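Next up: a single chain in structure tokens, the form predicted alone.
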Amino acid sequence: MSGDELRGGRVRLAATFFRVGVMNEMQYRVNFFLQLVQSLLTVGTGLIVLAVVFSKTNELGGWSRPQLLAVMGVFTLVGGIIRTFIQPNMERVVNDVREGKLDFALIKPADAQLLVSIRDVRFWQLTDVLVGLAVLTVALVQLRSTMQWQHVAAFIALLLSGLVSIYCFWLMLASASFWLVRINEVQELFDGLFRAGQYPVGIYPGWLRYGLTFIIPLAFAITVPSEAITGRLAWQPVIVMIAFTAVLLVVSRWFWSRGLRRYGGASA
């Protein structure tokens, strides 16, 4: 099978799972309104905090109010994508390993990592994506005098790279379930730390800044794309981000492969 045919098969497989996931979610349409209310409450709380902060100062860590609003929009957008596509699948991997049900994915004639990464889609979580885009749009309108098309192009590229780094982190976290029994607590810890991504990592103390960059790559997923769209980006973090993401891709694939060799499954 040629490379083009292989890529085409993967795209069709992903599209099929996405369609099935949407059909399943459409059975519970009231979840859309519940998720929308939750998203608006979260953003509303963040806006109140920003209003309080900027009632006392004109900037926070060198960031103006419209720039921090852009960070909030990217934070909400990224959170929606994670909870729609990444987190549900990785949590299912953890449960399948614990219950010995991963065999059903491993016996399929497709790459196991690809298969477990696209099985579940929480369609209504996309409301976070829409709300995040709305907040980001408002911020960009306020920043229109300083924004250029190059900023938008860099933002899209860096956002995709940041999402890949988050996916790799979650894959390694899920793969840890091959060795650890109680991995759910670590997943809950991620949810708590993810809230820190609502603000640029540069405003935090050094130890936390490095932790949110090289342990949980929120800086690469949220802060760096936000710097790109607001015209604050320097080349050094871009080079570090690309190199770090490439390393994560290799390490996460290796970690997953090692975990599979350890897996016994229900048939063991």
Partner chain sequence: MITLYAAHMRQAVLQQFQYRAANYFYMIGMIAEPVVYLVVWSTIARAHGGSVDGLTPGAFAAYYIVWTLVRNMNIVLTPFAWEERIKEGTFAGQLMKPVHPIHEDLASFAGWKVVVLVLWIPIAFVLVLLFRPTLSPTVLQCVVFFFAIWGAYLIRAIIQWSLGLITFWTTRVAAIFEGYILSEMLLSGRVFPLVLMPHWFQRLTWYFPFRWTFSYPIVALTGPISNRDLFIGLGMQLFWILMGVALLSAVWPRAVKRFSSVGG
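Positions refer to the first chain, counted from 1. All of these numbers come straight from a predicted model, not from anything done at the bench.
Although it is not shown, the form predicted together with its partner chain is what the next lines describe.
Asks: Quick one: in the model of the complex, does every one of Ile82, Glu99 and Phe220 get a heavy atom within 4.5 Å of its partner chain?
Replies: No: no residue has a heavy atom within 4.5 Å of the partner.
Asks: Which single stretch, out of 105-113, 147-155, 129-137, 189-197, brings residue heavy atoms within 4.5 Å of its partner chain in the model of the complex?
Replies: Partner-contacting stretch among the options: 189-197.
Asks: Spell out, yes or no, whether the shortest heavy atom distance between Gly61 and its partner chain in the model of the complex is within 4.5 Å.
Replies: Result yes; Gly61 sits at the interface with its partner chain in the model of the complex.
Asks: So, Trp207 and its partner chain: in the model of the complex, are they within 4.5 Å at any heavy atom pair?
Replies: Contact with its partner chain, yes.
Asks: Please run the contact check for Ala243 against its partner chain in the model of the complex: heavy atoms, 4.5 angstroms, yes or no?
Replies: No, Ala243 sits far enough from its partner chain in the model of the complex that none of its heavy atoms falls within 4.5 Å.
Asks: Answer with yes or no whether Gln236 is in contact with its partner chain in the model of the complex, where contact means some heavy atom within 4.5 Å.
Replies: Taking the distances in the model of the complex, the answer for Gln236 is no, it never comes within 4.5 Å of its partner chain.
Asks: Can you name the residues of 157-176 that have a heavy atom within 4.5 Å of its partner chain in the model of the complex?
Replies: Counting only heavy atoms within 4.5 Å of its partner chain in the model of the complex, no residue of 157-176 makes contact.
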